[in-house]
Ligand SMILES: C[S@@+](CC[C@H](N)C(=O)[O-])C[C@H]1O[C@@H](n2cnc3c(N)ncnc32)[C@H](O)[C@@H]1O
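Shown next as structure tokens: one chain only, the form predicted on its own.
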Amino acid sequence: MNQSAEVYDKDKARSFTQTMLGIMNGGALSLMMSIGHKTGLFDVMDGEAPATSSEIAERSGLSERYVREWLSAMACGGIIDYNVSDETFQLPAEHAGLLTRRSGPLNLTVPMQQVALLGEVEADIVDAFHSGGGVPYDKFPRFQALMSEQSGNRFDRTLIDHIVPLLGIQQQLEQGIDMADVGCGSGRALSILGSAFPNSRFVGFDVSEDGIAAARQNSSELTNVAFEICDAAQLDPVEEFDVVTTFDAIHDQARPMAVLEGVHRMLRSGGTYLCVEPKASSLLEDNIQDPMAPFMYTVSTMHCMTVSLAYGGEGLGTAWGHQTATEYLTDAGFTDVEITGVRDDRSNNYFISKKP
């Protein structure tokens, strides 16, 4: 008898069947939940009494037939409650905190939008598996807007109330210091800081012309905020800033060490660097039990890692981990590296370090 037949575990096979069905349904629901966010359906239902599909469609200004089908998917997925007796739907209060805009950075339907975005480059990723190299940034035309929404939610909730106190720079900002954000995107962080601390000066750097254009427009009324188009690996300023930040900007760089060395040069002696990066270990075995690990490695494969490789980079990936990050920071010349976190940002590590 074939040995594999003797050890074949039918219960394990049945369990894996259920796992596969769960993955299929989860993938489908993530797309539908992304639609629920974009159309505002979750927000329309937030805190409301049970209602029919017609009533929900009328409140949202959307097509009833589409709303009805969407509600059916949500009901079958256990996202929304359905009352069969009067054919009404309700968003449970226990679910709303992870689905609505009022949830800020805890709203998981925002990152779910990445599933559809990454699906757009699936064929390119498959080609890269065969040929090597990567998929360049310009293949992700909607990425900038999505990251702007995701980071904006985080900054609105955490920047003034949590991150500034974490760095211990409230008084300095009030008195007036120079601060930079490398990989600033659409500039939301510096716009918030510029408004809150008019005596300080802020400069954002990003390679994206569209991002910088949006940043300049969004902060046009602030005289203490400026933005420059710059490859993060070619930063020119020398000892011009007291504080430098990067938010999820290092791990997908082609030359991460060059960026960190540039940040080090930018800082004055005794300056502070805040490096915010995905919360992960550099060891796969440490990440396996993380409930977000499959999503993290998927995003890495289909965006962060491949974008870096597309430009001949290291391809560190999203899960480069706190051990490797600490090593890179130390090699770049930073000291007293502290790893901490922010309550309303569960997906990132906050590395705070000093320039001697």
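All values derive from a computational prediction rather than experimental measurement. Just count from 1 along the sequence shown to find any residue number.
Keep in mind that the form predicted in complex with this ligand is missing from the display, and what follows is about it.
This chain is drawn without this ligand; in the predicted complex, the residue among 158, 90, 281, 208 with a heavy atom within 4.5 Å of it is 208.
Only one of the listed residues (247, 202, 273, 241) places a non-hydrogen atom within 4.5 angstroms of this ligand in the predicted complex, and that residue is 247. Proximity to this ligand in the predicted complex, taken as heavy atoms within 4.5 Å, picks out 249-257 from the listed stretches 249-257, 166-174, 105-113, 217-225.
For the chain shown alone, residue 183 is a contact residue for this ligand in the predicted complex, at least one non-hydrogen atom being within 4.5 angstroms. Within 4.5 Å of some heavy atom of this ligand in the predicted complex lies at least one heavy atom of residue 137.
Not displayed here, this ligand is approached by residue 147 to within 4.5 Å at the level of heavy atoms in the predicted complex. Not displayed here, this ligand is approached by residue 151 to within 4.5 Å at the level of heavy atoms in the predicted complex. Residues of 86-116 that come within 4.5 Å of this ligand in the predicted complex, judged by any heavy atom, do not exist; none qualify.
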